[in-house]
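Presented below, as structure tokens, is a lone chain in the form predicted alone.
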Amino acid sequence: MLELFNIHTYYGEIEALKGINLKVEEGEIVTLIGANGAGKTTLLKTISGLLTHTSGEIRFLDEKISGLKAHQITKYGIVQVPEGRKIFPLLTVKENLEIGAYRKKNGVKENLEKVYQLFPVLKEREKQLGATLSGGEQQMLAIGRGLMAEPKILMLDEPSMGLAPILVEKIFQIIKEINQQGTTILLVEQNAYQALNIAARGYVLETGKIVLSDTAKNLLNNEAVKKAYLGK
């Protein structure tokens, strides 16, 4: 579904991505793990057109999307849920969700109902301002807003960040459910153990390079990964 070939991305004179090769098959959950500053968020922003890569090629469903602007890339069904949630605090829950469907002319009501089925608490809070929600509810709102666009691939950036352990479990269960309903997922996550437990495959990023890629099961059992990312 998604392929990256030798991608290089710079922040000014600093090379943030150094020859990234990566693929995501339709229906998969693929996770990117790595320390802060490894280039995970930069990689998602490069795919979604928020950052421009200086060389290499990105293809989606075998069509070249390199060089397109972010608003053009969303038309392909590539949707990013950003780190830090980035909801609109002074809009209601329902208004936040409707913004996610700004490109759609039909089916908005049906999509709202699907999101409310996945996140019943958002239905209960649909008239509340985004700022009044808890951290976990805001994360659910951010994911729900992404789903309103009917993504073919949903890119999630640190969805468990700052959440209590019980909410982390819930968020990962929901991600798995979204995938089972047919949405391909590219997941950036510092909680490597949880991410690898729901993923099919994983990539390990260090200082802008992919240093390891394998099935999630093999990465969970890899001694170097255990030591560096799993606290074992």
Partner chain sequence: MFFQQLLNGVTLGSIYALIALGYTMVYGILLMINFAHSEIFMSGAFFGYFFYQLFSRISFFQEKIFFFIFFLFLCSMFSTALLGIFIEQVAYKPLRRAPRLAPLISAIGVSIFIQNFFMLFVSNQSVAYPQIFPLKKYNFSLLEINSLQIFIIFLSISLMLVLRFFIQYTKLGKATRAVSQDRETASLMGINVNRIISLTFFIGAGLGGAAGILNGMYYGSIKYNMGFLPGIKAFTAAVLGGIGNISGAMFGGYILGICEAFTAGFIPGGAEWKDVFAFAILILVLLLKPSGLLGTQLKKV
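Numbering follows the first chain given and starts at 1. Small disclaimer: the values here were computed from a predicted structure and weren't measured.
Note that the form predicted in complex with its partner chain isn't included here; everything after this is about it.
91 is the sole member of 161, 91, 121, 118 with a non-hydrogen atom within 4.5 Å of its partner chain in the predicted complex. When you look in the predicted complex, the only residue of 70, 167, 174, 200 with a non-hydrogen atom within 4.5 Å of its partner chain is 70.
Remark: of stretches 58 to 66, 181 to 189, 23 to 31, 41 to 49, the one touching its partner chain in the predicted complex is 41 to 49 (heavy atom within 4.5 Å). Proximity of residue 126 to its partner chain in the predicted complex falls outside the 4.5 Å heavy atom cutoff. Not displayed here, its partner chain is kept clear of residue 150 by more than 4.5 Å at the level of heavy atoms in the predicted complex. Its partner chain is not drawn, but in the predicted complex it has a heavy atom within 4.5 Å of residue 86. Using a 4.5 angstroms threshold between heavy atoms, residue 82 counts as touching its partner chain in the predicted complex.
Residues are counted as partner-facing when one of their heavy atoms sits within 4.5 Å of its partner chain in the predicted complex; in 115 to 151 these are 131, 138, 145, in sequence order.
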